[in-house]
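Okay, so here's just one chain, in structure tokens, the form predicted alone.
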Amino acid sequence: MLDSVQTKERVEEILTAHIALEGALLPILHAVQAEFGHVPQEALPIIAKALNISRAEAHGVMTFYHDFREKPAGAHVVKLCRAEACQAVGADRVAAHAKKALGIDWHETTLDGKVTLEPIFCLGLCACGPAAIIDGKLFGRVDEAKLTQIIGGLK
């Protein structure tokens, strides 16, 4: 785990590498998250100052996009599609099952730190819904049984 000085230094290195890009805020946030596994709160004022934007604007952009995290994710990330096409074929049941099986809600991580549950809005697998992406791997036609099997393999 990095301390505040190390975090600041690494964020400044990321800024140097990305500041010249047009629309640099999103690439910077992505790079910070790639580095730390989340966007540390102490990074936002540094980013805002470098881009000459308010802290509120940096925070607003970060919290608007579902892929950015304020806390580190678990060892495994389960993202369940919440789009209408998946909902029409049972995604709500699968989501309720996932929450119950893991004992967490959206954007939470199990107490053992192994699994984070996140909603995602359309994976492009509309004909194969409900869809999920687990640790970067796409899954189609996910039902409660299939999800139980997948989650069981993560623990």
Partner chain sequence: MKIFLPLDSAAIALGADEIALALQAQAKAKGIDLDLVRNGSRGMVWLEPMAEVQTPAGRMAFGPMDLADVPALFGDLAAHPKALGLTDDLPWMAAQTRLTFARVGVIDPLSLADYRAQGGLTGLARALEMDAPALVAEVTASGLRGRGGAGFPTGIKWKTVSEAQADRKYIVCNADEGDSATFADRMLMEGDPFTLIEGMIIAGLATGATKGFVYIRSEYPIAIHVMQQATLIARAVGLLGPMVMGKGPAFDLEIRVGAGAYVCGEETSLLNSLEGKRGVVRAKPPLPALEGFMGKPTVVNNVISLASIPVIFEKGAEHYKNFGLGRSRGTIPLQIAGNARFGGLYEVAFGLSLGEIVDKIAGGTASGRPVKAVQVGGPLGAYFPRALFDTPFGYEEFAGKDGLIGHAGLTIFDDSADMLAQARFAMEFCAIESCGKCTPCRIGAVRGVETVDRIARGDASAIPLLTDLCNTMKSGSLCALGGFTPYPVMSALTHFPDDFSRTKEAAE
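Numbering follows the first chain given and starts at 1. Remember, it's a predicted structure, so these values are computed and weren't measured experimentally.
This next part talks about the form predicted together with the partner chain, which is not shown.
A residue is said to contact a partner when one of its heavy atoms sits within 4.5 Å of a partner heavy atom; L15 fails this definition for the partner chain in the predicted complex, lying far away. Taking the partner from the other structure, the partner chain in the predicted complex has no heavy atom within 4.5 Å of any heavy atom of V77.
Shown alone here, C126 lies within 4.5 Å of the partner chain in the predicted complex, counting heavy atoms only. Among residues of the shown chain, H30 is one whose heavy atoms approach the partner chain to within 4.5 Å in the predicted complex. In terms of contact with the partner chain in the predicted complex, the residue from K49, H38, H66, K114 that brings a heavy atom within 4.5 Å is H66. Taking the partner chain as positioned in the predicted complex, the residues of 73 to 98 that bring a heavy atom within 4.5 Å of it are, in sequence order, R82, A83, E84, A85, Q87, A88, V89.
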